[in-house]
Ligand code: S3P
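Consider the single chain below, provided in structure tokens and representing the form predicted alone.
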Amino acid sequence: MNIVLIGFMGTGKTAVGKRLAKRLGWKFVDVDTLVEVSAKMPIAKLFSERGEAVFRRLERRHITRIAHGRHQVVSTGGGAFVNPKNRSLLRASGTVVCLTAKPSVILKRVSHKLKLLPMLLGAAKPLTRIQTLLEQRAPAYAQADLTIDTSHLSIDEIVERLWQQLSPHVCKSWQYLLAHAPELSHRYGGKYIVVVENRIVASGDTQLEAYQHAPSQLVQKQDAGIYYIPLPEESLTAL
């Protein structure tokens, strides 16, 4: 299972995604960052030198790979979910959450970096451009499983709302984690653990180490979760 964050730029996808991933003990994946790394240049430069078509092709390639992973919180670019193939892959990989905000709020949040945003670069009236793009993307965004308006919410408030909505639907291993949080914090604080339904099958200092210690037949065939266990002094705010 993955949690996929979609929505327009400036709605909080990256900040919320990082905070939520830490709380879950999952991996945070930013599609735009992956594109920049693979292209070896910022997205604005990629658009200007190689065109949007190249950017979208790289974006689709990374989304295809991400969709086959598990226990990820994925932040997508504002236009990624508009593509039907991307949309199908992302919806099949887990719960899709759309973060929205009023056009005026979005403009205020991104006004300091307009030159770095290809979709707004050169727009004589950025607010009008934002409104137009939001209208164009509305049918795609409407297909999300959950929508949260972030216009008047802090990052912590957004994460808390997501938590309330999503936690009942997370795998059995997460329910076990919630039920035993205090005792796990004292025994495994600062480490990652692999949980299969109602038991711990491995632990490690990193996600990779914990996964490598786990019996492969259990992790592959059953609903397993890899989670970070906070230290006792962190547990009240981390879980």
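Heads up: residue numbers just count along the shown sequence, starting at 1. Keep in mind that this is a model prediction, so the values were computed, not measured.
Below: the form predicted in complex with shikimate-3-phosphate (S3P), not depicted.
Engineer: Residues A15, E157 and W163 are flagged as a possible site; in the model of the complex, is every one of them within 4.5 Å of shikimate-3-phosphate (S3P) by some non-hydrogen atom?
Structural biologist: Negative, none of the three is within 4.5 Å.
Engineer: K102, K108, R137, R91: which sits within 4.5 Å of shikimate-3-phosphate (S3P) in the model of the complex by any heavy atom?
Structural biologist: The option sitting close enough to the partner is R137.
Engineer: Counting any non-hydrogen atom inside 4.5 Å, which residue from N86, T150, T76, Q72 sits next to shikimate-3-phosphate (S3P) in the model of the complex?
Structural biologist: Checked against the cut-off, the match is T76.
Engineer: Any idea which of 181 to 189, 206 to 214, 61 to 69, 39 to 47 reaches within 4.5 Å of shikimate-3-phosphate (S3P) in the model of the complex, heavy atoms considered?
Structural biologist: Of the stretches listed, the one contacting the partner is 39 to 47.
Engineer: Tell me, yes or no, whether R56 is in contact with shikimate-3-phosphate (S3P) in the model of the complex, where a contact means a heavy atom of each within 4.5 Å.
Structural biologist: Heavy-atom contact with shikimate-3-phosphate (S3P) at 4.5 Å: present for R56.
Engineer: Would M119 count as touching shikimate-3-phosphate (S3P) in the model of the complex under a 4.5 Å heavy atom rule?
Structural biologist: Looking in the model of the complex, residue contacts with shikimate-3-phosphate (S3P) include M119, since a heavy atom lies within 4.5 Å.
Engineer: Please check if L20 has a heavy atom lying within 4.5 Å of any heavy atom of shikimate-3-phosphate (S3P) in the model of the complex.
Structural biologist: Taking the distances in the model of the complex, the answer for L20 is no, it never comes within 4.5 Å of shikimate-3-phosphate (S3P).
Engineer: Taking shikimate-3-phosphate (S3P) as it sits in the model of the complex, is M9 near enough to touch it, meaning that at least one heavy atom pair lies within 4.5 angstroms?
Structural biologist: M9: contacts shikimate-3-phosphate (S3P) in the model of the complex.
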